[in-house]
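First, one chain by itself: the form predicted on its own, in structure tokens.
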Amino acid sequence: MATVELKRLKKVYDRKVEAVKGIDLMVRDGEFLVLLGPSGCGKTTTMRMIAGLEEITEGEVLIDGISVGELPPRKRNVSMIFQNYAVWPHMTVFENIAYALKIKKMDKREVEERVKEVANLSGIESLLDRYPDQLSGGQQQRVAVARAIAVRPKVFLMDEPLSNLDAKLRVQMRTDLKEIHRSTGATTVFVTHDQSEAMSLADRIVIMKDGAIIQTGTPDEVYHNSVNRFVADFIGTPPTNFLSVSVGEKEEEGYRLKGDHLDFVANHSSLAGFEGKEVLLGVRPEDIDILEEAPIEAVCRLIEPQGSHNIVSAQIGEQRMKLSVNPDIDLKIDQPFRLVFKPGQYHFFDPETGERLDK
């Protein structure tokens, strides 16, 4: 396939709105890379500049080391899959997939073989004679995927292709896209604001905010080693809990942390220099244990059954947090219980900058 490199890529609208702020990024050959972030963070604009659908203000887009900034979209050898499927309603599934191949003046027999090959790969081989209005949303999206694969581009670009599907079908299509990627080895850039979608699909995730790249890493890296509060809060369902604590003098076993109904010791070297100051403690819902002799007292305020686990909304003083617990744990609304943070599974953040202290 190909590599995609962005060098100081910038997009400015109306000479004042900086949608993308000079980002640098390398997409590796055969990688499934996800651009993730909230609405308006610049991820779709970045993809459209790669595709040639958006003019570059500054910087370069290189595909396989060749600058394509001056090339029209049709000459960049990329295929784009859109949120709204964009299949032609007056053509059958076969004709939709074959259209770009016929434009390339491919032999009729080769077109038929290629269409059947990608239809089989996309799970729509039995639908080739149907029209789009005879298909479900998921089937139409598979047609769009098959059409993109058929032309064998160097790069696949996918702009929130699953967002119009219902929840169950979206999960199924994630699996299908992952299997198609493994079969084709295609270099893929995928845009989404859905962090669970990003976690399940990506080889690497690029987290964006306000037109800038905040963190790049594998799903495990961005989840377990979030560089700042924004990432820790954005990644994960439920997201990271943040509790305000004051750092005391160092004791034999570590630094004493005190907060609203909190008093425990943490052996974190990153707290050096923060004695007498406030920091934010961040802990994920699954990294909290409920034990009878645990040091922190909480009150159960709400229970959300999830089948495999329960999400418990707990109150510690005036602060609220969420726990992911085994459904066999017997808790009731307004019941006091005791909890402890798993050693080494929580992080500290600067309350002013939001940066993680223990990097």
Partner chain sequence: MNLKSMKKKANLATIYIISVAIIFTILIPVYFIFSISFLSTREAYQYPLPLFPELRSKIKLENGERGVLLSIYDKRNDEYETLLDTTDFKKMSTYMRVNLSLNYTPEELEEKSKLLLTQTQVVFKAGKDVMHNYKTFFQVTRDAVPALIRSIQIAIITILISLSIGGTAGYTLARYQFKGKHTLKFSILFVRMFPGVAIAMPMVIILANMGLYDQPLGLSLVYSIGSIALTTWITTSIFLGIPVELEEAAQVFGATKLRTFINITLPLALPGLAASSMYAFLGAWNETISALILTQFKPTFAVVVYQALYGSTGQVNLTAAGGICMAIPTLIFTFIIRKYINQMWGDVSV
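Positions refer to the first chain, counted from 1. Under this definition, the rigid core comprises the largest set of C-alpha atoms superposing within 1.5 Å between the forms. What you are looking at is a predicted structure, and each value in this text was computed from that prediction instead of being measured.
Not pictured, yet referred to below: the form predicted together with its partner chain.
A.B. asks: So if I measure heavy atom distances to its partner chain in the predicted complex, which of the stretches 262-270, 281-289, 187-195, 96-104 falls within 4.5 Å?
C.D. replies: It is 96-104 that comes within 4.5 Å of the partner.
A.B. asks: Is there a non-hydrogen atom of P73 within 4.5 angstroms of a non-hydrogen atom of its partner chain in the predicted complex?
C.D. replies: Result yes; P73 sits at the interface with its partner chain in the predicted complex.
A.B. asks: Quick one: does L53 come within 4.5 Å of its partner chain in the predicted complex, counting heavy atoms only?
C.D. replies: L53 belongs to the contact set for its partner chain.
A.B. asks: Do E252 and its partner chain share at least one heavy atom pair within 4.5 Å in the predicted complex?
C.D. replies: Outside the cut-off, so no.
A.B. asks: Does R147 reach its partner chain in the predicted complex, with heavy atoms at most 4.5 Å apart?
C.D. replies: Within the cut-off, so yes.
A.B. asks: What is the one choice in Y223, Y131, F230, F274 with a heavy atom within 4.5 Å of its partner chain in the predicted complex?
C.D. replies: Looking at the other structure, the residue within range turns out to be Y131.
A.B. asks: Though its partner chain is not shown, can you say which of N84, S183, T237, T218 has a heavy atom within 4.5 Å of it in the predicted complex?
C.D. replies: Answer to the contact question: N84.
A.B. asks: Using a 4.5 Å cut-off on heavy atoms, which residues of 74-90 contact its partner chain in the predicted complex?
C.D. replies: Heavy-atom contacts within 4.5 Å come from R74, V78, S79, M80, F82, N84, A86, V87, W88, P89, H90.
A.B. asks: Aligned on the rigid core, do the two forms place the Cα of S269 2 Å or more apart, comparing between the shown form and the other one?
C.D. replies: S269: C-alpha displaced by less than 2 Å between the shown form and the other one.
A.B. asks: Given a superposition on the rigid core, I'd like a yes or no on whether D133 shifts its C-alpha by 2 Å or more between the shown form and the other one.
C.D. replies: True for D133: a C-alpha shift of 2 Å or more.
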